[in-house]
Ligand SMILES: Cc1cc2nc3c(=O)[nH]c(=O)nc-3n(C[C@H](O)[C@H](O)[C@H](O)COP(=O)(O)OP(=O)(O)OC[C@H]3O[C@@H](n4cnc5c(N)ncnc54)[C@H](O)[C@@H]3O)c2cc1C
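The chain below stands alone and is given in structure tokens; this is the form predicted on its own.
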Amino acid sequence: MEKILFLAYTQEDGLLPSAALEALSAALSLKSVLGSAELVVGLVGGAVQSAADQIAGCGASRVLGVTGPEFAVSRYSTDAVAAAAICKVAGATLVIAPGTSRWQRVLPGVAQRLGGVADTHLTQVEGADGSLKVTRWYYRQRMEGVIQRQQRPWFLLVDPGSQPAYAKPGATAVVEPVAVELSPAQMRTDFKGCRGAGQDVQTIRPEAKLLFVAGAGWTKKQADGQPHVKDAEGLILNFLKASRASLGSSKSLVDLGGEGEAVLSFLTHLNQIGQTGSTPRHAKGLSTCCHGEEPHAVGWRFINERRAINLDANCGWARGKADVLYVADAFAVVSKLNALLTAG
């Protein structure tokens, strides 16, 4: 009989991040199809009671917790010890966890310590006739692979955005503490604090409902025969500020800086979407001044609703890659959107 362990860490507010709630949905789905499998919850953090209460209705047989100020922050040595301890107490054969940066760097090492195996970037976890299959994408989401393994424990890291988030009402849970002893060497890395970009200059927002993508057309000559890069910067930044959208870009636009051409000063390759960039997951996407050709559009695979603005009625977006194409001037459309957003 398989024993499923849902393994997560808490946020600063003591609750679970949305990526963890999505991984929990995958764990519950797997438990339902495997039938006799047992579900155990394992939590790591400065305090875990609020997180345990948050998911108390999930039907887990046990809730295990490793707590303390030394586990409140991301540190490989302490995270690995905590995760390994929970796995041993739970007797887990399958470990399902959110595929966040914190767990991505820790859990493969934990699998090695426990004699198991790990698979990351999973988009589907399913079972049939008592067997388990997992699915992941390769080569920037252009090839799909289905994996089966006999080796246990098997660590499964589920990609954020690929599952619906667990959303049942909370209750009061009983947390079983798991004792972990740390050596001075494991506390050698000292966490000083976290400093992020200000809200007005931050452009990458994974939790945003809307992805706004800027293409190279923003820096090209406009109707008057002149480029208006500074105007483009103002329009885009004002839209991001008003809508709280996340910013993406095409490869052609972020590459312009290396060619000595005028570029949008706030763009980096971290904003790049597509075959050679990232594949974000947002509810909606709005592409502006992009042609919508395959290398760029492949990054939109998991965007639920796609819309685009382009003056070319025959661009790639018009050939089945967008749900709606607005044949219009992006400068005029975004200017009007900004006026509506600020007025509201």
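Just so it is clear, the model here is predicted, and its values are computed rather than measured. Between two forms, the rigid core is defined as the largest C-alpha subset superposing within 1.5 Å. From 1 onward, residues are counted along the sequence shown.
The same protein has a further form, the form predicted together with the named molecule, not shown here; the description that follows concerns it.
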property: Single option in G285, P280, G65, G292 placed near the named molecule in the predicted complex, where near means a heavy atom within 4.5 Å; result: G292
property: Interface residue in the predicted complex among R102, H121, R205, K251, criterion: non-hydrogen atom within 4.5 angstroms of the named molecule; result: K251
property: Proximity to the named molecule in the predicted complex (heavy atom, within 4.5 Å), stretch among 65-73, 30-38, 51-59, 271-279; result: 271-279
property: Non-hydrogen atom contact A328 with the named molecule in the predicted complex at 4.5 angstroms; result: yes
property: Exercise: A216 in contact with the named molecule in the predicted complex, heavy atom 4.5 Å; result: yes
property: Touches the named molecule in the predicted complex: R152 (any heavy atom, 4.5 Å); result: no
property: is_contact(Q222, the named molecule) in the predicted complex, heavy atom dist at most 4.5 Å; result: yes
property: Yes/no, H291 Cα shift of 2 Å or more between this form and the one not shown with rigid core fixed; result: yes
property: Core-aligned C-alpha movement of G170 between this form and the one not shown, 2 Å or more; result: no
property: Large Cα move at A51 between this form and the one not shown, threshold 2 Å, rigid core; result: no
